[in-house]
Structure formats: C-alpha cells, structure tokens
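In what follows, one protein chain appears twice in different forms, each by itself as structure tokens: structure 1 and structure 2.
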Structure 1
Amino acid sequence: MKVLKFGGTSVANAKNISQVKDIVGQTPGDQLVVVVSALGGITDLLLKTADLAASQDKGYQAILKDIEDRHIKAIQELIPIASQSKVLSKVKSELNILETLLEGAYLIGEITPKLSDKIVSFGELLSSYIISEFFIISQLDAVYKDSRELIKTNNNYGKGIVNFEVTNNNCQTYFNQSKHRITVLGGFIASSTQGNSTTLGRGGSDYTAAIISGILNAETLEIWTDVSGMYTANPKIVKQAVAIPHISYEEAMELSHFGAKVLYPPTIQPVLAKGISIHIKNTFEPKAPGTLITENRNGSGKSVRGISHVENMALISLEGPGMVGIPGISKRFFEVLSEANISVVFITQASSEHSICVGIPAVDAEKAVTVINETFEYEIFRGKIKSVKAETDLAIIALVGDNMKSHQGLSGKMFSTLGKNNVNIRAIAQGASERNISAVIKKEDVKKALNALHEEFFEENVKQLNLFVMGVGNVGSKFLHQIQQQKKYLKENLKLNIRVIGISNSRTMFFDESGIPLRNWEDLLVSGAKADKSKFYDQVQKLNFRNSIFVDNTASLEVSKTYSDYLQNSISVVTCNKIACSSEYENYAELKNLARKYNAPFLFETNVGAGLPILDTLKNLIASGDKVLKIQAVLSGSLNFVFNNFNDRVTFHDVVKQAQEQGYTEPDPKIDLSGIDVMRKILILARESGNRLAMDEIENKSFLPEESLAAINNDDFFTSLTKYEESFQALYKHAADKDSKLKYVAQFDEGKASVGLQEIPKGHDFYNLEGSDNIVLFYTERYPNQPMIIKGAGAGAEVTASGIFADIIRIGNF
C-alpha cells in the first residue's frame, strides 16, 4: 500500500494532471491511494468569493465564473468529447450548489465558519472527481471516493479535530472491501459526525494523506509538489540551496514549522508513531531523488541540515518589575493569547523573570496588544508592568539539525556570521533538545541572512563577495579585467566567489543583482541609468547583500565623503583614493573606528606604493610590537618615472606628458608634480605608524615655479612647463655634474615630515631606483641600522588594480 498526495500546483491544469496520471500509472504496488488538492489557486478564489458575497459585493459572481471556467476547461482538455457529458453534468450540478450557497451569503450579508467550510470544500470535491474520471478514461483501475465519507471530525469548522475511532473504522472497512487498485480522494475536506462539511485547516491535504497512511499502515507516503524535496534553504532566496537527500521526522517538523512550505508539520504526526517513511518528490521532475523522511539515520553526520525562516512576524514583550517572583504571570499571558486564538511561534524569557517575549504572526499583532493590555490593565496602571507594544516587519530564521547538540560553537558561528553582515538580532531561542537555534531579525534582512548562513554552513567554505565598483577608467577597467581573468582560480583555490553587482563612472551606473557579465560590462554600463553617488549608495543598501564591498577607483573628494555611510552599514570599503586617509585626522580616525565598530574592513593598500605591500607590512610591524623610528621613501612612481627619463636631450614637458599618457600620473599631473600626492602618502604612513599628523604640518620643498603651481587646468600647466624648461634643465645639470640623480624624497623623523627634490649620490639605496619604482625604508626598534626595505613598481594601472584586488582577497580571507 502506498499513499500519493499531489498538491495544488501539481493539479493546476490539464497538462499537470496528465503528468500526475503518468506518475500514478508508473507507480508499482497492489493498492494506491491518491490524495489531491484543489486545482492550483482555487481554494484562495473560493475564500475570496465567500468574503465578497458576505460583504454583498457582486464581484463574487465574476470570480465564481472564473472558477467554473477553469474546471470546465480542464474537463474539455482531459476527457474525450464522447465521455464529457457525464462529467460536465456532475461538475455543473456541484457548481450550481456552490452558487446557491454564495447567493445565500450575499443575501444575508454574512458568512459563518460552517458555511465557509462548505464553500471551500468544493475545490477538492471537484478536482478529485475530475481527476478520478480522467484516470478511468485513461484505462487506470481507479475509483473516486468522497473523503467526507471516510474522515470524521468534530464541529470545529475551519480546523476540524479528527475522530480517529470513527475514521479508522470507516477507512478499514472501505479499503478492505475495495476491489480497485487506485482510489482517488480529495484532501483537506472531511465531515462532522452530523454530516456537515468540515476542513482540516492549513496543509489539510497533507494531513489527509498522512491520516490514511497511518490507518492503513502504508509502506510509504509520497508527497508530490513543485520542488525536488526539502531544501537546505528556500531555493527562491538562496540560489545555492540543494535538496536534502535524507532527513529525520524531527528535523522535517522543525523545518516545516519555520517555513519550509513543502510539508505541513501536523502531517508527520500520524505516520511518525508507525515509522512510515515520507518521500517528498517533484511532479515536474519525477526522476529527481527528492527527500526521504524517516527516523534519524544521520548518526554523527552533518550538524546543520537546513536553514528555514518565517516572514511577517511580530514580537510582543511583556516586561516590568512586577513580574519578578510573581507566580501565574506566564500562565495569564499565554492563556489570553490562546483565548484570542493567537498562535505563538517563538518564546524566550529572561532568567530574571523580568520579561517574556513571544513571536506571533504579524496579522495578529494588533489584537494581541489589545487583549494583553486589557488583561494586565491593573498591573500597567500600578506601574508594575509596561504597556505592551508590538514590533512588526520581522522574521524568524532557524538552524535545524538533530546533531546540533553534539557540535560546539554553532550558536557562536551563527551569530558571528549574522553580525559580520550587519544583521541585528532582536531575540534568540533554543529548544532544550538543541534541534534548532532560532533568531528574530528584520524582514528586510532575510535574504542576506539566509545566504550568509547557507554559505557558512553548506557551501564548503566558498565565500561570495559582492562588489560595487565606482570608477571604471584606467585603473577600474584593469581591475574588472583581472577579476574576470581570475574568477575561476579564486573559486577553485581560495574558495572565493567574486561577483560585481554594480558599476559606475561619472556618467552612468549599472546594476545586476545576479552579477554583471564582465565580458561586456562596457556595453551594459552605456545602457545604464544616470550616475548619481547617492542613488548608487541607496541601491547598494537596498540590495542588502552579504559580504558587500564598495570599491572606489576614483580620485574624487565627493566619493570619499561617502565611505562612512558604507562602513556604518557593515559594507567594506576598498580604495586607491588617497583623499580620505589624508584628510583631517578626525575624519581618518572616524573611518578607522567605524570599520572596527561595524566589522567592515576599510582597506587602502594602494594609497601608498600601488600594489606593493607597504601598508600591510607596516601594520604587521606595529601589531607585533615594533615601533617606527624613521621613514625614508621615494613614493611617487610618476615623479620617479619623470626624473629617470628627464635629461638634457628631452624636455621636461615631454617627459611629464609621456607619464600622463602612460597612466603614471593622476589625471591632473600637477597633483603629482606639486608634491601633494607624496605629502598624502607620507602622511598616511605616519598615521598608520601611530602618529597624529596633519597635512599642513608637512614641509613641502616644491621644485615647480609658482606659475605652474597656480595653473587652473592641464593646458595652462603644460604651457608653464615649456616656459620654464631652462630652470628644469638647470636642476638636472646641477645634479649630473655631481654624478647624482634627482629623486623626489619623502621623510618622517621624530614626528616631523617633509617632501622635496633631492640629489641622490651613488651608493645610496635610492640611486639605482629605475622606471616608476617606489622604495620605502622603515627604520624601527628592530631595524635601527639596516632598515626594512620594500621596493618595486609603485605606479601604473595594472599594479594599482592588482593592489585593489589584493585588498579584496584580504577581506575574503577575514
């Protein structure tokens, strides 16, 4: 004996019902019971017609016509014309009764629970009859049976309580005498002992199938739906979720209780005691293995089996000093909720007895507040208990697994993962069985929370990083190319899945929440919306992705002002823009503080030395207890390029122009040549060494004429360079005559910093510095005489992009 239940989506239309027929026809076994739901969506339409009729709104008639049309269409597509007459006659007769019931509700302007059950029962009555006739016409040995003749309940309309003594007898008698291989029943519906139609409540079709399975000692209960089993998380929210091959009854109940909609929790009760397995299968992928539910066979296996959630929840907290040590408060609290027919989903209580917090469906929040405040009116008036208010727009997320109690640190891992992603936890509960850990969070954080937790517990430590990139010019375009090139390597070797979700230049911005295809990002950006820094940030916040990183490849002051917004929303910031870290000390310190407070890394390795690990090395020195005594450095790759290529055979103007065209300078080369860029870099090094220093405290020994410094645009600047060529040649000759080279040197010593052009003699560490290379000498307590030297390419789009990329990887490895 097997029992097969097919849900509403499985029998939504003729095409799906044909698929059901094929599945039933291919299922082995001497006797099959097929339990079907109403055609997909019909139950909701029936409830709507009842509400409209009771409100004396004639709109119910149009919906009733839709209901009739759907059933007639199904008959016409399933049943050959020669055999349609009998089926159409029966269905139209039932629909006429339904119409009469609705007319009655319309005339009296109300609907009772008894009438509501009668009306809503037509969904399963019609679907089961049509499907049984289709099976018979298709040469299956099938028969239709009205479930109301088998399953008997009390008169609790809307959620009838099954009378198992009578129901057992009815089922045993009928199936012992049945001579057909297949019996088709409507789920969800039953009748009272007086013969009135009743329903079994939400998930009633599953419950019908379980009742029959338990009574008949079925070999297995198969529940056919539109997904391939119970998933590790909701696959509509977590794309990486996978079907769980095997799960225990208890785990399935926990997951179902917390929102896994493929199974209704009470379903398991009738089969649990008898050890009957439940198999969740996909009607539309019948060969998929699905999920098998039995007693626990996981042994000492995986701790967390699934992550589930319930949305649209509210928190109600009863608290006050008058609760401490007073017996009966909890009883009164839960009693009043029970009497108001309000289901409590979540409970937590402080050990001090000062407060009790419960999670309830949001639709019941207003009613709950009213009845609780009325019940505790005296205590509230005396100031012993605070007036109750509801917190809404919440959701419950839960980790579920039989073996969670055997694994240490799961709670810490869960809460740490949520905390890193700025998901605030409002309340926590853990059952004594330790089979689930549940937490209340904002509804808007559900997607981020589920994906972050799923990544942590199920995805073999593959961490997804979601990037939002502003600035896709010379450096930014190289950065995007490097991501595209290394994406596969990072996933396979570093377990990092990097997605670019948003990009922007000064004109347009483009977002794709599934990840921008980097092979044609230029075309997509052209088609994007008008660029707007505020709207870019708003979109990042709205998407609310886990492990979000804002990447700034610009040199914009305005963009740098947005860092604090990102950081205080736990969005990491990676930047090659030096403005923020060289701004007022208070701003620099605040950004560092926000990064620590909100656990959002703020990384700017490329601020000094492009891709060279200068700042990272300095941080490690300080963290290990060393102290910086002096820093000497050539920090401008652009200026080093300029003076390495400048001589008496080429003009200073041409060398600077070449440096600009090859991407060694900022878009405004005056920033480099004026020494401002180097000042920023030595300032950042001094600050990262633990010193409080301001930009105006750095001595700048500029070699540029005043006219060049005063130029307001690039054209004027380059014109001035031509004008003063003679003075630049004089600088070169003076150094060459002494067999020295010109280098632009930055120094920090005894709390003072300076930058300026120096003549470097042979034998000095700076003398042989070629091309656009940078060099930094750290004199510390551990390296007082022979400094720690870091040397290499310190400018150029490729190396700067690689430095940004390295910071991204650092965040991925946090």
Structure 2
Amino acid sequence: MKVLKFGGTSVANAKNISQVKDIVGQTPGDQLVVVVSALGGITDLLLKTADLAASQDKGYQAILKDIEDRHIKAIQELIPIASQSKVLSKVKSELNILETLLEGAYLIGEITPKLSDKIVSFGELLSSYIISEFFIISQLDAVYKDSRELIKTNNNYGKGIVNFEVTNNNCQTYFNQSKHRITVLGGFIASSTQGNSTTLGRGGSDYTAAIISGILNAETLEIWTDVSGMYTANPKIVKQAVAIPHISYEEAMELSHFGAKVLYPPTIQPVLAKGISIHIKNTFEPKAPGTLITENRNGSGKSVRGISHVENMALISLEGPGMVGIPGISKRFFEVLSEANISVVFITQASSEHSICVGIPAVDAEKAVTVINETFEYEIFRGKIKSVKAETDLAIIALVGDNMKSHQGLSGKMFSTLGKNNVNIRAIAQGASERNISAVIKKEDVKKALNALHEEFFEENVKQLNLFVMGVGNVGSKFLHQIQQQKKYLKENLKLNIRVIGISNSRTMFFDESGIPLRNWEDLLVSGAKADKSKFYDQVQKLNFRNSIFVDNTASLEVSKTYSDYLQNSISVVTCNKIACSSEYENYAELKNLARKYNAPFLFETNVGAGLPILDTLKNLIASGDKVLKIQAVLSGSLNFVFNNFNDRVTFHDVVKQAQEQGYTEPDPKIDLSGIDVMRKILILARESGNRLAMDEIENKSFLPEESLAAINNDDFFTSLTKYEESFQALYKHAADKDSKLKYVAQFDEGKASVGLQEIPKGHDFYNLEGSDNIVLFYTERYPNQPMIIKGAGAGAEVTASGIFADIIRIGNF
C-alpha cells in the first residue's frame, strides 16, 4: 500500500494532471491512495474572494469567474465530450454553492473562520473530484472519496487539530471494504465532529497524506511536487542549491519548520512513529532520484545538511529591570501567545533572564503586542517590565544538520560569513538538540545571506564574485575581455566564479542580475539606461549581492568620491584611478579605515606601475615587519618612452606627439610631462610605506618651461614645445656628452619626496630601462644596500587591465 500526494503545481492544469495520471498508472502495488491539492493557486484565489466579499467589494465575482473557468477548462481538456456533462454539472452545482456562500459574506460584510474554511475547501473538493473522474475515464481502477468523511478535527478553523481516534476508525472501516485499487482524496480538508468543513493549515495536503499513510501502515509516502526533492536551500532563491539525496526525519522537520515549504512541518509526525519513509519526487522530472526521508539517513558525515529561511517574521522582546523577580513570567508569556493562536518560531532568552525574545509570523505581530501588554499590564504599570513593541520586516535563517553538534566552529563560520557580507544579525538561537543554529536578519538581506551561507557550507570550492564595472574605455574594455577569456580557467583552477553584473560608461549603464553576457556587452550597454553615478550605486546596493566589488576604470574625481559609499556597505573597491589615493591625506586614510571597518578590501595596485606587483610587494614587506628607508623609482611609462626616443635627430614635439598617439600618455599629456602623475605615484608609495605625506610637500623640479606649464589646452602645449625645442636639445646634449641618459626619477628619502629629470650614468640600475618600463628600488631595513627591485612594463591598457584583474583575484582569495 502506497500513498502518493500531488501538490498544487502538479495538478495546476489538464496537461499536468495527465502527467499525474501517467505516474499513478505506472506505480505498482495493489492499493494506492492518491491525495491531491487544489489546482495551483486556487486556494489563494478562494481566500481572496472571501476577503473581498467580506469587505463588500464586488471584485470577488471576477475572481470567482476565473476559478470557475479554470476548472471548466480542465474538464473540457481531460474528459471526452460524451462524458463531460455529468462532471460539468456536478462541478457547476458545487460552484453555485460557493457563489451563494460568497454572496452571503458580501451581504453581511463579514467572514467567520468557519465560513472561510468552508469556502476554501472547494479547491480540494473540486480538484479531487475532477481528477478521480479523469482516472476512471482513463481506465484506472479508481474511486473518489470525500476526505471530510474520513479526517475529523476539532473546531480550530484554519488549522484543525486532528482527532486521531475517530479518523483512525473511519479510515480503517472505509479502506477495509474498498474494492478499488486507487482511491482519490482531496488533501488539506477535513470536518469537525459537528460536520462542518475544516482545514489543516496552509500546505496541509502533505499532512493529509501523512495521516493516511500512518493509519494504513503504508510502505512509503511519496510527495510529488514541482522540484526534485528537498534542496540544500530554496532552489528558487539559491541557484546553486542541489537536491539532498537522503535525510533524516529530524533534519527534514527542522528544515520545514524553518521554512522549507516543500514539506508541511506536521507531515513528519504520523510517519515517523511508524517508520514509514517519505520520498519527495518531481512530477515534471519523474526520473530524478528526489529526496528520501527515513529514520537513519545515509549520512556522509556532512555537518550542515541544509539552510532554510522564513520570511515575514517579527521579533518581540519582553524585558525590564524587574523581570528576574517575577515568578512564572515565561510561563505567562508563552501561555498568552498560545491562547492567541500565535506560533512561536524562534526563542532566545538571555542567560541573565533579563529578557525573552521570540520570533513570530509578522501577520500576528499586532495581536501579540496587544495580548502581551494586556497580560503584563500591572508589571508594566509598576515599571518592572517595559511595554513590548514588535520589530517587523525580519526573517529567520537556519542551518540544519544532525551532525552539527559534533562539529566545532560552525556558528563562528556562519556569523563571520554573514558579517563579511554586511548582514546585520538581530538575534541568535541554537536548538537544544544542536540540530540547528538560527539567526534573525533583515528581510532585505535574505537572498544575499542564503547565497553567501550556501557558498560557504555547500560550494566549499567555488566562490562567486559579483563585479560592477564603471569605465569601459581603453582599460575597462580590455579588462572585460580578459575576464571573458579567463572565466573558465578561474572557475576550474582558482574556484572563482566571476560575474559582471553592472557596467557603465559616461553615457549609459546596464545591469543583468544573472551576469552580463560578455560576448556582446557593448550592444547591451548602448541599450542601457542613462548613466548616473548615484543611481549606479543605488542599484548595486539594492541588488545586495554577496562578494560585490566595485571596479573604477575611470580617471574621474566624481567617481572616486563614491568609494566611501561602497565600502560602508561592505562592497570592495578596486581602482586604477589615482585620484582618491593621492587626494588629501585624510580622505585616503578614511578610505583605508572604512575598508578595515567593513571588511571590504580597497585595492589600487595599478595606481603605481600598472600591472607590476609594486604595492602588493610593499604591503607584504611591511606586514612581515620590514621598514622602508628609501625609495628610488622611474614611475612614468610615458616620460620614459619620451626620453628613450628623444635625441638630436628628432624634435621633442614629435616624440611627445607620438607618445600621445600610441596611448602612452594621459589624454592631457601635460599631466605626465609636468610630473604630476609621477608625484601622485611617489605620494602613494610613501603613504603605503606608512608616511603621512601630502601632494604639496613633494618637490617637483620641472624641466618644462613656464610657458608650457601654463598652456591651457593641448594645442598651446604642443606649440610651446616647438618653441622651446632648443632647450630640450640642450638637456639631451648635456647628458649625452657625459654618456648619460635622461630619466624622470622619483625619490622618497628621510620623509621627503621629490621628482625630476636626472642624468643617469652608464652602469646605473635605471640606465637600461627600455620603452615604457618602470622600475622601483626599495631600500629597507632588510634590504639596506642591495635594494629590492621591481621592474617591467609600467604602462599600457593591457597590463593595467591585468593588474585590476589581479586585485580582483586577491579579493577572491581574501
């Protein structure tokens, strides 16, 4: 004997019901009980008609018409025309009764829980009748039975308490005499001893099936639904969740208690007592193995089995200075909640007994506050207890697993994962069985928290990084290209799954929550909304993804001003824009401080030497206890290019022009030639070495004539270069005569920084610096005479993009 239950989606329409018939038809066994839900969504619609009618809103009629249409359509598609009239007339007469009930509610303008149950019971009544007729017509040996005649409850409308004695008798008597192989029952509905329709609570069809299984000693209970089992987290929210092959009754119970809707929590009890296994299966993928729930799960020793969550929770805390002295306070507190029919999902009590805090469904919050404040009116009046308030818009998130008690450090891992992602925790509880750890968080953080925890506990290896990229010009477009090329490698080798969620240039911005396909980002970006830095930030914040990184590939002051917003939301910042780190010292220090405080890396390796690992090396030297004594460097790829190509056969003007055209200078070449760019870089190196230095403290011995420095645009600037050609040639000749080369050198020594053109003699470390290469010499306590040298290509879009990429990977490994 087997019991098969099919949920709302499984019987939502004729096509799905046909699929159900195939599954039932292929199930072996001499006796089957098939329990069905209402057609998907009908229960909600029935409750809505009741609500509207009770508030005297005629809108209920249109919904009633929808309900009618869906049932008639199912009949017309399932039952051959010749046999339709009997089924249609029975269904229409039931719908007429429903209409009369709703009219009554509309006229009176009120609905009682008793009438609500009566109205809502039509969903399962109609579905089970239509399905049984379809089975019979399809040559299955089936019969319809009104489950209200079998399952008896008390008068607790909305969630009747089952009278097992009477129900047991009814079922034994009925099934003993039944001559049919298949019995079709409506789930969820029952009746009181007085014969009124009752229901077993939302999602209660699972419970009906479990009650029948327990009474009839079924060999197994199959729950057929729209997902392939009980998943490691709700698969609608966590894309990476997977079906759990085997799980214990207790784990399933905890997961469903904390919101895994795939199983209605009371379902376990009747089958657990008899040791009947539950098999959760997917109606739309019958071959998938699904989840088996039994007493002894085939545990692989995994500590956390699944993660659940309940949305729409409220927290209520009872606290006050006099609480310890009041006897029986917890008893009264929980009694009053129970009398008001409010289920408590979550409890914590401070060990000092100064407060009790409970999590309850948000819909009950107002009622709870009223009854609690009434109960403790005297104590509140005497100032021993504070009057309670409800905190709403919360959710509970729970880790569940039988083996959790034997693993240390799980709660630490849970809370640090949440903390890293800026998810604030309002309350924490650990079940006495140590089978769950639960935390109350803000509802808006649920998606992020679930995904971050899932990644931590189930995807051990792969970490997802979500990028928001501003600036897709020279560097940015190369960066996107590199990500596209390396995506597969990073996933397989570094276990990093990099997704670009948002991109923007100065004209438009574009977002795709599931990751922008990088093959055609350019077209997508053009189709995006008008670019707006603050709207871009709002969107990043609203999406609230875990491991979010903002990447700035612009040279914009305005963009650099938004870093603090990102960091304060635990969103990491990676930038090749030098403005922030070379701005006022306070701003630089504040950004570093925010990064520490909010656990969000702020990385800018490409600010100095493009893709060369200069800042990272410096950071490692300092972290390991070394101290920087002196820095000497050639830090401008642009200036190096210019002086490597300048001689007495070309003009200075032409060389600078060529550098500009080949992308070796900033769009405004004066920024490079005046030394400002190099000043910024030595400033950043000095600051990262632990010195408090400002831009105006750096000495700049410029080789440019006053007139060039004062040029207001590129044309004027180039004209002035031609005008002073002779002085540039003189610089060249002076050096060449001494067999020296001109290099633009930055230096930091004894707290003082300077930049300027120098004549470098043969044999010096800088002499052979080619093309646009950079070089840095770090003289430190550990490298006092022979400096630590870093040398290589220090400019160009490709290497800069790869430097940004390296920062992203650093964050991935963080």
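Counting starts at 1 with the first residue of structure 1 and goes up one by one along its sequence. No experiment lies behind these values; they were computed from the predicted model shown. For clarity, a rigid core is taken as the largest C-alpha set superposing within 1.5 Å between two forms.
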query	finding
Structure number, where the criterion is the form predicted in complex with ligand ASP	2
CA of Gly29, rigid core aligned, shift of 2 Å or more between structure 1 and structure 2	no
Displaced residue check between structure 1 and structure 2: Tyr489, CA, 2 Å or over, core reference	no
Did Arg382 shift 2 Å or more between structure 1 and structure 2, C-alpha, core superposed	yes
Core-aligned Cα shift of Ala50 between structure 1 and structure 2, given in Å	2.9
